[in-house]
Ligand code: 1GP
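Next up: just one chain, as structure tokens, the form predicted alone.
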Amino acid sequence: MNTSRFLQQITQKEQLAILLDPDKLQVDEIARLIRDIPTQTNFLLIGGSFVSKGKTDIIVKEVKKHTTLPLILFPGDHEQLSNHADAILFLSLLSGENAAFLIGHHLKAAPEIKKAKLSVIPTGYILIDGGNHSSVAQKSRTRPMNPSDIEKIVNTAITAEYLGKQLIYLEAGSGAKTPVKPGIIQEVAKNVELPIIVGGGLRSRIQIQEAYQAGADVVVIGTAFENKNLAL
């Protein structure tokens, strides 16, 4: 699928994505897991911070057998690739200063992505402190941004837009105690013209609606779905 068409498809208003972490899944669990996915889900993200080489491709191929939902890679590093997915969020961790997650892993992944002919969506990835030590912070060895420093968060999002990113991903981290605050989403939405994805710590219909109302185009649910603690 053409990248621009795919981007348009996944960033229509009030989209819901479920995040599947290959590191936490077994192949024989996939069929049951897919049956449990909420009917209002628009697409699936597949990825995690710590996933062994080759596991992502195994999981993607199995998921494909059980759903027609678009599958988008959400890789934690250059080894989490699969040519059986529909697209990839080409993430640049702009909230940190680790060059490996700004450009290093991208250089290693680019030849494989080119061969796979995935739809590539350049994404400005901004990690915001969700009240716990997230796996993203651990893997990248970076610190999340302070949620009270809204000006810096907004400026980081503006920078992403100027760098040519096509999406902004505001992330509170897996299992966050506190999701990205609506006020942060609202200020980012006011200052950039890019679609906004919000993930981390969202567990309830109220929290999801607050994110949408603040300006999120896509909301991502991961840990709450894994733990069967999702109240929609």
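In this text the structure is predicted, and so the values were computed from the model without any measurement. Each residue number is its position in the shown sequence, starting from 1.
Note that the form predicted together with SN-glycerol-1-phosphate (1GP) isn't included here; everything after this is about it.
K.L.:
Looking at Val192, Ala176, Ile30, Ile185 here, can you tell me which has any non-hydrogen atom within 4.5 angstroms of SN-glycerol-1-phosphate (1GP) in the model of the complex?
P.N.:
The residue in contact is Ala176.
K.L.:
Is Ala214 near SN-glycerol-1-phosphate (1GP)? Define near as a heavy atom within 4.5 Å, in the model of the complex.
P.N.:
It does not: once SN-glycerol-1-phosphate (1GP) is placed as it appears in the model of the complex, Ala214 has no heavy atom within 4.5 Å of it.
K.L.:
Counting only non-hydrogen atoms and a 4.5 angstroms cut-off, does Val218 reach SN-glycerol-1-phosphate (1GP) in the model of the complex?
P.N.:
Answer no; every heavy atom of Val218 is more than 4.5 Å from SN-glycerol-1-phosphate (1GP) in the model of the complex.
K.L.:
Though only this chain appears here, would Thr223 touch SN-glycerol-1-phosphate (1GP) in the model of the complex if you measure heavy atom gaps against 4.5 Å?
P.N.:
It does: once SN-glycerol-1-phosphate (1GP) is placed as it appears in the model of the complex, Thr223 has a heavy atom within 4.5 Å of it.
K.L.:
Is there a heavy atom of Phe101 no more than 4.5 Å from a heavy atom of SN-glycerol-1-phosphate (1GP) in the model of the complex?
P.N.:
Answer no; every heavy atom of Phe101 is more than 4.5 Å from SN-glycerol-1-phosphate (1GP) in the model of the complex.
K.L.:
32-40, 64-72, 50-58, 164-172: which one contacts SN-glycerol-1-phosphate (1GP) in the model of the complex at 4.5 Å, heavy atom to heavy atom?
P.N.:
This holds for exactly one stretch, 164-172.
K.L.:
For the stretch 112-148, I need every residue with any heavy atom inside 4.5 Å of SN-glycerol-1-phosphate (1GP) in the model of the complex, listed N to C.
P.N.:
Read in sequence order, the lone residue that approaches SN-glycerol-1-phosphate (1GP) (within 4.5 Å, in the model of the complex) is Tyr125.
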